[in-house]
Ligand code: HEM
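Next up: a single chain in structure tokens, the form predicted on its own.
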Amino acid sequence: MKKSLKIKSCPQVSNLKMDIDVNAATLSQLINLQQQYGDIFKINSNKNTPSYFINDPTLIKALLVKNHSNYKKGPGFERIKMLLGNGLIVSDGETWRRARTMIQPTFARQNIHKLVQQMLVCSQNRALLWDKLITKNQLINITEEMSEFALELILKSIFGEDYDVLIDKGNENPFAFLSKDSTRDLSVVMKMRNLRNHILSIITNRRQLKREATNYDFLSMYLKAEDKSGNKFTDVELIDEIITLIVAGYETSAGTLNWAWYLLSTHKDEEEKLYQEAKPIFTDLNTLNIETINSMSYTQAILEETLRLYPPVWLFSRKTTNDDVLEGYEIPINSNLFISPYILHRSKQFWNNHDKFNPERFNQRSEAKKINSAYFPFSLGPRRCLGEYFSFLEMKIHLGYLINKYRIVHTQDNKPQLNLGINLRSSNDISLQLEPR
């Protein structure tokens, strides 16, 4: 029988509010505790529930992959559930397994490839606006622009022509608050509830008219999806999953592109390498195809390195549903476990020059073993993000198309600070000065 290993305990930390909210103080505390107590330790608090922090890749893989059935979503997801309902990100058990199985075919690569033109059009829409701003010698608010780009794309990918009809009614885009209001408080919860009515009207219209979308969109796939018993999503289930897809699909890409543009603006050699890769692919759009896009290995490396430094979900949690043993460490039932991709991705024991932006590390074989074990911006195991390929594809098209049109002249002098909410954001908007190439 395997001998259980002893987990170090840190002194009582009564103000470490990981199960309530997270902020810069929490991140700083976790970094300090990890440096002092190692890559697995117990957090003693004034609560009865035991809590553990894990920063060891082998233990994380055991938790998320090998032993995943012993865990459910942990503290903090109640707040997310208020926003998203009981969609794929929040649900557990049989509800999650059923939804995952029904949704997975939507994100097959051959289906995502049908949205490449839409990704390009949304990038071109940004360029039309940027040309006007540059003519007026105005800065580009990259943070706002990335939110607008990613939200437009995910909405068009979900609703297809129904999105254009909704916008053409002359009213303000009912989804606009998602990109304009970065808070996720109770006021946003109420706006999300109102949004459900708009989504329901689109669903009802499609069902009543039995209308097939002219072009591929995610909603068509969700409406067709059936479980093993032949049952489809109910209206409530469908709305929960659509809202989850909207928020998760747009925030991940918007945040990553925001940081990617900033990093490129402060690393001119990397910007030039990106341009040299993009130029032959995006100069003649008639030759653009999925093979040329997928050949953009340096662009992919830039995005992966950006996700290493700024993973969208910087902290997440699990709760044990049974007593468990993780690689010799005994974890009792009802324990809370916390994992931080942000801390793991910047741990010097796993990464050379851990704080340096170096896309080449993702093209070097010497880093391959570390990357495979200490890198999980989209999580691991059965709950790994289904939209990962969609996200990388849209971001490569976006960066490739726009870097081929514009050169970064100047960025703000102050390094953006972190906004540590549900997702990792910049606490202040990032603005760039661009010029046409």
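All residue numbers are counted from 1 along the displayed sequence. If you're wondering where the values come from, they're calculated on a predicted model, not measured in any experiment.
Form predicted in complex with protoporphyrin IX containing FE: not shown, discussed below.
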query	finding
Heavy atom within 4.5 Å of protoporphyrin IX containing FE in the predicted complex - the one residue of 357, 96, 298, 177 that qualifies	96
In the predicted complex, the residue from 267, 73, 81, 273 that sits within 4.5 Å of protoporphyrin IX containing FE by heavy atoms	73
Options 242-250, 194-202, 330-338, 281-289; stretch whose heavy atom lies within 4.5 Å of protoporphyrin IX containing FE in the predicted complex	242-250
In the predicted complex, residue 34 touching protoporphyrin IX containing FE (heavy atom, 4.5 Å)	no
is_contact(residue 386, protoporphyrin IX containing FE) in the predicted complex, heavy atom dist at most 4.5 Å	yes
Distance check, residue 318 to protoporphyrin IX containing FE in the predicted complex, heavy atom within 4.5 Å	yes
In the predicted complex, residue 107 touching protoporphyrin IX containing FE (heavy atom, 4.5 Å)	yes
Within 4.5 Å of protoporphyrin IX containing FE in the predicted complex, all of 100, 307 and 395 (non-hydrogen atom)	yes
